[in-house]
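This document starts with one chain, in the form predicted alone, laid out as structure tokens.
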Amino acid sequence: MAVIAFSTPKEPIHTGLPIKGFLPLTAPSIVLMLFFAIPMGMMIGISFQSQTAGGPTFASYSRFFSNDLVLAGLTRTVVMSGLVAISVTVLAYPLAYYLARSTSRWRTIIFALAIAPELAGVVLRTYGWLIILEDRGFINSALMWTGMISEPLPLSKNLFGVVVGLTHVILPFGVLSLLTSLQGINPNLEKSAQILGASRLDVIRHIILPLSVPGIVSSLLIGFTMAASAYATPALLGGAGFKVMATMVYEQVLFYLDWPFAAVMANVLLILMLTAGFVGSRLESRLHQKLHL
């Protein structure tokens, strides 16, 4: 009796370093090294320098955390960025859901209108809002002409005006972030739930919202980080008295020539955004575990 022996082919033995696997990472690693890691390393080094001659010092950091005006600017930056992130996500969600589910011929036009603000520069869009929100702008002029108010409402040169302007600037990024997440949800899940008797509100609450958590977190992070580092809109719509971290860094570099103190502000702003990213990723992970996704 003949016996046929089957043998599985042996896997090739790889020797040496897996260089080919890392080749696609070469170009982005070089770009990140040249335009992020090295400048940030220099920024950290400058933050320990002194305006006068001497060795490394923590004087600029001590000055930062003991200056009430600077701490107020940091608090204002956090509040402003949080409000912008929430506003962008709330406004972008229904628009992104419509774009993800609609088969109408108007979908392309609405999508183009949603991202159209990015075709114009930030300064141009901010000037547009300045014309609308200022004391003699369109809204105050219309309300005063109809007799609804006797004095102009404070719509600009404050937190409200900056949040409105930044929300308009960042909204397309929130739409694109949420659209990608919502398009990944199978529409048959919604149809099956409705066939089984679930209302439209139950479908949104128990299916769409939980499955779109990654997009919501991504939209919040994009809104927060872009608002925290924005300069043109807070400077134009907030006026000279509205100080946030980005505008204060600009003043320290160009007006006061205090590079160490400006570097400290930039480092604190970077830590703030990294902390927001870490908290967002942890929150997303916990929600996934809680919802058993």
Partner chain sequence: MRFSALCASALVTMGLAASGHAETLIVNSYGGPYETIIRERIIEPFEAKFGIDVVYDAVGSASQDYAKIKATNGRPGFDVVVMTASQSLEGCKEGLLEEFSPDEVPNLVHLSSVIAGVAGPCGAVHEVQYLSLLYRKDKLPEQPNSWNALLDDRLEGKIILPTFQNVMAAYLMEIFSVAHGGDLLDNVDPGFAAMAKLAGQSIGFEQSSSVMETYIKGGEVWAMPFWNGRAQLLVDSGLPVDYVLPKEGSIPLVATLNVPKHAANREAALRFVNFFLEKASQEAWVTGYKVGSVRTDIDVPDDIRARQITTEADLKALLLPDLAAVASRLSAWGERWERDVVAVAK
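Computed from a predicted structure; not experimentally measured. Residue numbers count along the first chain shown, from 1.
Not pictured, yet referred to below: the form predicted together with its partner chain.
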Its partner chain: the contacting residue among 206, 200, 107, 136 in the model of the complex [heavy atom, 4.5 Å]: 136
Of 27, 33, 254, 44, the one that lies within 4.5 Å of its partner chain in the model of the complex (heavy atoms): 254
Option from 160-168, 140-148, 114-122, 68-76 whose residues, in the model of the complex, bring a heavy atom within 4.5 Å of its partner chain: 68-76
In the model of the complex, residue 241 touching its partner chain (heavy atom, 4.5 Å): yes
Any non-hydrogen atom of residue 259 within 4.5 angstroms of its partner chain in the model of the complex: yes
Contact test in the model of the complex: residue 250 vs its partner chain, heavy atoms, 4.5 Å: yes
